[in-house]
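There is one chain below, alone, in structure tokens, taken in the form predicted alone.
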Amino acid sequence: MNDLWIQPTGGALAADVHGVDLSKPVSDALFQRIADAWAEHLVLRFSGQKLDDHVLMAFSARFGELDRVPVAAVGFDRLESGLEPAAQQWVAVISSVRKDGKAIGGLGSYELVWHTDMSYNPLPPRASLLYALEVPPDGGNTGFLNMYAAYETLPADLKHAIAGRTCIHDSSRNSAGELRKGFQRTLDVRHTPGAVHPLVRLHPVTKRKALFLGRRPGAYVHGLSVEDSEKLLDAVWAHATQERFAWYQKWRAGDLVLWDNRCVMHRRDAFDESLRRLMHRTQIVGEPVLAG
């Protein structure tokens, strides 16, 4: 346990965790140090790990109950994904790899816009863990945004304008803008399907306030005209997505990255579709979203 040390990235968030092999049992004392570092830095990177899905699931479950994988936008064969049956409900495959012409996972090689994982659910995941099995030599980097800092630095007029306001989080499309199975295109944002959450969220552990934005397309602020909602959301998003709040992860095989979905947004750079990128992701069931 004494070998564990935390190295902040020097960016707006995130830290590296050194001196721990997650393929071996993690003691309660060691896990508490990891949890404390996570609360402080919002994103943790564990490099050089060698994890199978059962170990990934077991470590993830230390943070809470595993969440089921989200509904896919396009079909792919989970049997071809290489997941064992016991993992298929709990491990999402994020992949550009195709086998016999069929995708073995979701979200391909294109850009993913800034978003909060599954915020369209009444209980969005508290955490996401993404493990790199294969990565291209360049591209496919993942950016993270510190939503505490974004809220705390909001201009006074914007902070006042969003106080007590709630927003629809679109459940019909994924973070690439693709329509999910079973959904129809929505032309009026006032009728966007999905959960309604406060724009300012109180973190249940740290008790700090954070912006809680989900993703921009399809969003609507209740109680405003569509025009006023669009203007307000555009202004808040323009502030929140500034590079001063961001840190980017350049992936290497064996990296496991854990982020706090309650106070972090993320996105992905596009990469050459001919290159192989294979990631496995778990998520942790969340709690009711508290208004900040």
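Quick caveat, the model's predicted, so the values are computed rather than measured. Residue numbers run from 1 along the displayed sequence.
Below: the form predicted in complex with N-oxalylglycine (OGA), not depicted.
Residue contact check for W259: one or more of its heavy atoms lie within 4.5 Å of N-oxalylglycine (OGA) in the predicted complex. Though the partner is left out of this view, W38 does not reach within 4.5 Å of N-oxalylglycine (OGA) in the predicted complex, counting heavy atoms only.
In the predicted complex, N-oxalylglycine (OGA) stays beyond 4.5 Å of every heavy atom belonging to D170. Although the partner is absent from this view, I94 contacts N-oxalylglycine (OGA) in the predicted complex, with a non-hydrogen atom inside 4.5 angstroms.
The candidate spot formed by L112, L130 and R281 lies fully in contact with N-oxalylglycine (OGA) in the predicted complex, as each residue has a heavy atom within 4.5 Å of it. Segments offered: 261-269, 61-69, 41-49, 231-239. Contacting N-oxalylglycine (OGA) in the predicted complex at heavy atom distances within 4.5 Å is 261-269. In summary, among the residues T192, T142, S119, N146, the only one with a non-hydrogen atom within 4.5 Å of N-oxalylglycine (OGA) in the predicted complex is T142.
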